[in-house]
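First comes one chain, alone, set out as structure tokens in the form predicted on its own.
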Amino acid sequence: MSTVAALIVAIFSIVGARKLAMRPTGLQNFIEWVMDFTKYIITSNMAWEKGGRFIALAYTLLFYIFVANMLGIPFELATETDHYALWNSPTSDPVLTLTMAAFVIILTHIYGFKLRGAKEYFADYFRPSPILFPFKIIEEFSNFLTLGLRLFGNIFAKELVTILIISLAGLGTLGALLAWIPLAPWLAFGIFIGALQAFIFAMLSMVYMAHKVESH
């Protein structure tokens, strides 16, 4: 499913940018809106002169995670004998979310070293006092874990509750009625959770990037 999400993002992006017009309409308008929102995320954390180079990264994270979060919503099914998810959101798998978190954290170190130089990069671990060095190391691991596990935990819990609600349909007519009443608003809330978590992941990625590439 992670490949399906990547293909959807690639197709939408390529088609939306294929025939650019001065007065955008349709898909181009949507892609430009996402790009403007991505630029807002970056400029909220660092100067555009440095942050502009990360717009492709932030755009990809935001769009990919949003699509991945949405994929699990329409395919959670209930049968008379079993209740199962035909497929889940890729982001309900901790392997994927932690891998993306590791990718982002490693990139922050690479760009921090590249843009600020070795002396300034390593000096940050001893500012404002050398006694903080162990805590800075712990912070690096906590950033990695919180970035990946926050996304996983929210999407996994959202899909687990959805399946539990759908399972009420197996209790007969009354169960189906009881399942439908909370299901519609919960699915709408699931879209909100998916969009919010995509925004939080992209925003935190740029926060960590700004912390590494800008002087403090």
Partner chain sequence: MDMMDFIADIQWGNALYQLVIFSLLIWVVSRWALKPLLGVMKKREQQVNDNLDNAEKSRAEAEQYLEQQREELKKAREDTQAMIDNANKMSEQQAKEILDNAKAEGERLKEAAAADINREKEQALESVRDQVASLSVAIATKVIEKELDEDEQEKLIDSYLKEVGNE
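Positions refer to the first chain, counted from 1. Since we're looking at a predicted model, the values are computed, not measured.
Unshown form predicted in complex with its partner chain; subsequent notes refer to it.
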N45, S167, Q28, N154: which sits within 4.5 Å of its partner chain in the predicted bound form by any heavy atom?
Q28
Please pick, from I55, L149, I191, I163, the one residue with any non-hydrogen atom lying within 4.5 angstroms of its partner chain in the predicted bound form.
I55
Is A195 close enough to touch its partner chain in the predicted bound form, meaning at least one heavy atom pair within 4.5 Å?
no
For I110, is any heavy atom within 4.5 Å of its partner chain in the predicted bound form, or not?
no
4.5 Å heavy atom contact, Y64 to its partner chain in the predicted bound form
yes
Would you check, heavy atoms only and a 4.5 Å threshold, whether Y125 touches its partner chain in the predicted bound form?
no
Are there residues in 127 to 143 with a heavy atom within 4.5 Å of its partner chain in the predicted bound form, and which are they, in order?
none
